[in-house]
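Consider the single chain below, provided in structure tokens and representing the form predicted on its own.
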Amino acid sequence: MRVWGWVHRHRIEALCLLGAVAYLAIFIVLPYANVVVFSFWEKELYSIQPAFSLDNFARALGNDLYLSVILNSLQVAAAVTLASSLLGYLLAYYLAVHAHHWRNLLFFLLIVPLWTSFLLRAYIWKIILGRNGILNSLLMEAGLLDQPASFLLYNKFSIALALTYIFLPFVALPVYAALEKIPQRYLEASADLGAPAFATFRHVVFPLTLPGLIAGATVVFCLAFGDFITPALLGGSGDIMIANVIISQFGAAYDWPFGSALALLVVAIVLAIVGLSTRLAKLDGGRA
């Protein structure tokens, strides 16, 4: 009766809560529950049999090939996160502090790539870095190369470069928002106390923007770790990432149980990274 009474008094809140619960149930809980169930099933020839077996997890964790693919994915995701964090922070700082009347235009140029297709943003780097691409043509015209360089494409460098370009706004935007929220009187107080610009940045600006940087870096790492389009377009045969293996298991291999087990391992790694970043953010908040 108390529940119905609360619903009657808070109809709008109850409707919003119902929508949120329905969304979580349909798009989060149900798909992941299916993945969990499938991860314990077995594949027999061309059929999938219900079972309760840990063989899929043992196969994933006991095979050096899959462990090397996971390690390769972690390396690419870490490189993309590091590059995006550094460049995104510098870009956000320039926009917030030094851009002045160019701020709106530069901010628009930062977010406009997000309006285009992810596939298109990844494919454009194939045109830029290819043997007959824009970069090789410019280097040859400048006399820096005698023939087109082949090392620019189909390797970890091309994957990391494209993913950094694609995910950089996910760091720059939260850092820019954090910079905009810093009260001007904090900076003025630091200057009045005689602190040089770098000391003000180190002890005032950076700690206040660190939560935004951690949040953006976490999002970038999770997206880069689970991406499969960019490695498929720009990666070589030895640069397969874990998402590509999972796709193949649900496609040509028709091994949904093993693919589900790999997907759960990816989810576990992502949750560990999210937990670590949350812990870091709380520690930073405690010091503040």
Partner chain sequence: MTGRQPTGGRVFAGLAAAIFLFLYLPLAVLFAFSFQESRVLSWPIEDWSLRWYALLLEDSELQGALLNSAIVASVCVVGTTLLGVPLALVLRRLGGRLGALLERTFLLPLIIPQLITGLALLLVLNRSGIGLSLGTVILGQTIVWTPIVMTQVYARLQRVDANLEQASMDLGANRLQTFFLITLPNIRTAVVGSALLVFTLSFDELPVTFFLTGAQNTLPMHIWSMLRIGITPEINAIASLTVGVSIVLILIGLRLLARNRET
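Numbering follows the first chain given and starts at 1. Everything numeric here is computed off the predicted structure, so don't read it as measured data. So that the term is clear: the rigid core is the largest set of C-alpha atoms that superpose within 1.5 Å between two forms.
Keep in mind that the form predicted together with its partner chain is not shown, yet the notes after this line are about it.
At the 4.5 Å threshold, heavy atoms of residue 126 reach its partner chain in the model of the complex. In the model of the complex, its partner chain sits beyond 4.5 Å of every heavy atom of residue 279. For residue 28, a non-hydrogen atom is located within 4.5 Å of its partner chain in the model of the complex, even though that partner is not displayed. The closest heavy atom approach of residue 66 to its partner chain in the model of the complex falls outside 4.5 Å. The contact with its partner chain in the model of the complex, taken as any heavy atom within 4.5 Å, belongs to 134 out of 189, 149, 134, 78. Residue in contact with its partner chain in the model of the complex (any heavy atom within 4.5 Å), chosen from 51, 253, 54, 232: 232. Contacts between 179-208 and its partner chain, taken as any heavy atom within 4.5 Å in the model of the complex, involve 179, 180, 182, 184, 187, 197, 205. In the core-superposed comparison between the shown form and the other one, the C-alpha atom of residue 268 has shifted by less than 2 angstroms. Positional change of residue 65 between the shown form and the other one stays under 2 Å at the C-alpha, relative to the superposed core.
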